[in-house]
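So this first bit is one chain, no partners, the form predicted alone, shown in structure tokens.
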């Protein structure tokens, strides 16, 4: 079977490594990774990016790499020379330039943090971008750079990703599981909402984009809306952990921190779901598959 070439950033991360392993038989990867011991590529360096593109037959570029530590990004607020802005915005601009020069389709991974979290309902693709902290601002700026470009592009927004297996960077679900097992899970907010993304399914969404050449902007989570408390309670019950989940309040937590915190990051993914040629697992189905 001939593998399709794919240029990719972030394949060592929580999301990217799952896609790379699940689709190792379908794709060969031209990696752009600053931590690669043999061929490190810094996406903030345009010439290093161009060199990869020039030597690749790939038609698609999967851009997963990002500075995602929200608190650390908040500490860099307004710093255009800081690593959060440089990686998330300048790195993306370099990739866009290379896509223009070498005629490649960009699949850009974005986040629900481009919104302010004040919606009572799930956010739709056409809702206005309104970030309230620096991480969200850098990702919104990156989205705008992609959307105003003249390249072929697809943007996939995700929120709180988790996977079926254990990864060194502990995801939201495995953190809750460990907290319940060790009886030290902090109180879970009843007044904060999000839309979890099952990475095993999201990997299939990326493959779908490549197979069908789907373009445009898609919210790409489960399309479900959960409070932290209901989510942790469901995990506790579904996996029969037998622990205790205590209630907490976001409004109380906000009094203890200086950075803003979105009240709701759930995304309406009905546009994507209506076009997919496979069925996403419900979040409860996804939790039941955990190893």
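Positions refer to the first chain, counted from 1. Keep in mind the model is a prediction, meaning the values are calculated, not measured.
One more form of this protein, predicted in complex with a small molecule, exists but is not displayed; see below.
Colleague: Please identify, from 247-255, 66-74, 22-30, 234-242, the stretch that has a heavy atom within 4.5 Å of the small molecule in the model of the complex.
Modeller: Among the listed stretches, the partner-contacting one is 66-74.
Colleague: Using a 4.5 angstroms cut-off on non-hydrogen atoms, would residue 117 count as touching the small molecule in the model of the complex?
Modeller: Residue 117: no, not in contact with the small molecule in the model of the complex.
Colleague: For residue 154, is any heavy atom within 4.5 Å of the small molecule in the model of the complex, or not?
Modeller: Residue 154: no, not in contact with the small molecule in the model of the complex.
Colleague: Residue 84: heavy atom within 4.5 Å of the small molecule in the model of the complex?
Modeller: No, residue 84 stays farther than 4.5 Å from the small molecule in the model of the complex.
Colleague: With a 4.5 Å heavy atom cut-off, would you call residue 282 a contact of the small molecule in the model of the complex?
Modeller: No, residue 282 is distant from the partner.
Colleague: Within 4.5 Å, heavy atoms only, which of 185, 140, 107, 158 is in contact with the small molecule in the model of the complex?
Modeller: Comparing distances to the small molecule in the model of the complex, the residue within 4.5 Å is 158.
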